[in-house]
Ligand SMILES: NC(=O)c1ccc[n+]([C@@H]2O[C@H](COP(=O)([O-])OP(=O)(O)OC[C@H]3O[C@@H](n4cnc5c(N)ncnc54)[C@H](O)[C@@H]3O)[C@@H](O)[C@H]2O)c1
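Just the one chain here, the form predicted on its own, laid out as structure tokens.
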């Protein structure tokens, strides 16, 4: 088998997950890390394998490609750099770009065109879409074994504070140097579960359902956030399936959910249902006739099946399952949200907390309010915390 040569753009932030996953492969010779692009001085010192294998470090992909070649470029740089970095790499290499794919529909359309012109693929790093358990569920949906989809809903949230929003120059921002970023829980930290619903509703294994309309309530609680940090939304697909999503960075616990109900004509798929021993983080389908199928656990943030699939396709041909089109509906939803008003939260409902050297802003009652909306498949009305 041909040894796949890889260029990794960005080894800090989420790029560290790729670097850690690649380190063992580099040492056993199954892949070769042809180069790294990193602009933060000294970042490469964190990984001994870089020194051991004399892996060169460059400031840009253009600088790398003037000297070397790669079969696969992995892009784990900030959102606003995805488009120019894909553009710089696609003529030379297949590409795995982290989510979100980019910041504009026109940019995504360019990527699809570049794929045709170069005969290279662009895969997007929504790791849930690569998970074999989730793909088995999608196969059953496409085969009609659950009946037609009726309604999808998910709630997932992660507590994030001052340090999270000050780790770089784009977290929580709408734009960076005039370029759209639209960073939010929906577009970044809690993006996977929303993307997963659209992906499961796609009419082919490598497609996501198209979104016809979006209604949402967007809130800003943290004073250090430019965009929204709390959201309840209802997207409707072109096939008329409502998709509800609830997320926030401003709750009491460190993590809330994920919990999901995917309703079909003949079955319901649950995630986070309590079967007597606490919430089970497995996707479990229950049919009306009593049949039950456990599809297995939801993949973790550090799941690297996407990397394995990208390497295999770069080596043997084919296209990883999460295509640019599969990520397009999520991007379009984010752009729809960017045109909607962001509401403030009543000051009486805001609680400032200090924990482990960090500062957090909690919305008093968000768990009860979003929990009720999730159960009833509704959106909150206005500044609903002010009514407590």
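Quick caveat: nothing in here was measured; it's all calculated off a predicted structure. Numbering follows the first chain given and starts at 1.
The protein also exists as the form predicted together with the named molecule; that form is not presented, and the subsequent description refers to it.
* Could you tell me which of 276-284, 140-148, 290-298, 99-107 sits within 4.5 Å of the named molecule in the predicted complex, going by non-hydrogen atoms? => Answer to the contact question: 99-107.
* Asked: 11, 39 and 306: each with a heavy atom within 4.5 Å of the named molecule in the predicted complex?
  -> Yes, the whole trio is in contact, each within 4.5 Å by some heavy atom.
* Name the single residue among 251, 79, 197, 232 that comes within 4.5 Å of the named molecule in the predicted complex, judging by heavy atoms. => Going through each option in turn, the one that passes is 79.
* To do: Please pick, from 31, 55, 43, 336, the one residue with any non-hydrogen atom lying within 4.5 angstroms of the named molecule in the predicted complex.
  => Of the listed residues, the single hit is 43.
* Asked: Taking 4.5 angstroms as the cut-off for heavy atoms, does residue 167 touch the named molecule in the predicted complex?
  -> Residue-level check for residue 167: yes, a contact with the named molecule.
* Might residue 260 be said to contact the named molecule in the predicted complex, defining contact as any heavy atom within 4.5 Å? -> It does not: once the named molecule is placed as it appears in the predicted complex, residue 260 has no heavy atom within 4.5 Å of it.
* To do: State yes or no: in the predicted complex, is some non-hydrogen atom of residue 66 no more than 4.5 angstroms from a non-hydrogen atom of the named molecule?
  => No, residue 66 is distant from the partner.
* Decide whether residue 355 counts as a contact residue for the named molecule in the predicted complex under a heavy atom distance cut-off of 4.5 Å. => Contact with the named molecule, no.
* Would you give me the residues of 126-146 that have any heavy atom within 4.5 Å of the named molecule in the predicted complex, in order from first to last? => Stretch hits: a single one, 127.
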